[in-house]
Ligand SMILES: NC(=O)c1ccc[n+]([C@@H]2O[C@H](COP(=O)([O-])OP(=O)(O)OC[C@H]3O[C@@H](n4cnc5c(N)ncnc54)[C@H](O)[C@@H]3O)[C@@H](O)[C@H]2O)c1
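There is one chain below, alone, in structure tokens, taken in the form predicted alone.
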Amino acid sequence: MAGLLEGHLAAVTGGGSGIGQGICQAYAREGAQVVILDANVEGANETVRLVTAAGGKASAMKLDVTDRAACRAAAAEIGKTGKVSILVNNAGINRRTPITGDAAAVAKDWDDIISVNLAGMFNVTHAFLDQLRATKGRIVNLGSIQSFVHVSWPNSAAYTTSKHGVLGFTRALAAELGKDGVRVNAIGPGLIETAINADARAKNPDMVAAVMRHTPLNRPGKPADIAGPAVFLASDMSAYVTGGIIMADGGFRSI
């Protein structure tokens, strides 16, 4: 029986680790050919290894999503062999600097986070737009519970702003691209255990405990918990779903 994503070519930013890596593996299991786009080419190559070892098809390309010209070049290079029909905007960074802190540090963190999380999403999407319109493709953006809330995560004004922007961008594109048959949705992860946030979780046990008290399922998520919704949104199972966000937060927003 064919997989849910058989015949699709998927490009996944930030696919070299964590949530992105989990999505790449899940897409490949469902039959998609996956291109991993990541500034960390070693991580991207590790994802290729994991995918191919499991019998899937994947390739890696180094990409800094903040470099608009590089995004266009990557899309053109991929387009030589096929048109992307699934785009996952997963690349993102986070730093927790109080807005009242050192002015230079606050400004740098703001610029870096907005450049990657928000402008980077635009750069990649715009670069692949012609391919996605030609394939009547699907765009999956990674938002956050911080697309809605902020109180549990003080000292993260830039990240919260960027993730509100992800949701706004998702809804705006869904409204504009629906006529072209392109569906645009988002996923809102809660606290997901990844190597990237392992140090932060270890150093902030009170924060983790506070989040768990607010999470009905009473556990942090795993990358696989995000990969499932990502497969659904990329597949024909969600053919009438656009402009929405699937919250994969263990129920955080329900209480």
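Start at 1 and count along the sequence shown; that's the residue number. These figures come from a predicted structure and were not determined experimentally.
Although it is not shown, the form predicted together with the named molecule is what the next lines describe.
With the partner left out here, the named molecule still marks one of 97-105, 171-179, 73-81, 139-147 in the predicted complex; by a 4.5 Å heavy atom cut-off that stretch is 139-147. Although the partner is absent here, Ala195 sits close enough that one of its heavy atoms falls within 4.5 Å of the named molecule in the predicted complex.
Although the partner is absent here, Ile93 is a contact residue: one of its heavy atoms lies within 4.5 angstroms of the named molecule in the predicted complex. Contact between Glu46 and the named molecule in the predicted complex is not found at the 4.5 Å heavy atom cutoff. Interface residue remark: Leu191 is counted as part of the site for the named molecule in the predicted complex, having a heavy atom within 4.5 Å. Using a 4.5 Å cut-off to the named molecule in the predicted complex, not one of Pro229, Ile246 and Gly250 places a heavy atom inside that distance. This chain lacks the partner; the member of Ala60, Ala28, Ala39, Val211 within 4.5 angstroms of the named molecule in the predicted complex by a non-hydrogen atom is Ala39. Shown here without the named molecule, the chain has Gly14, Gly16, Ser17, Gly18, Ile19, Gly20 in 6-29 lying with a heavy atom within 4.5 Å of that partner in the predicted complex.
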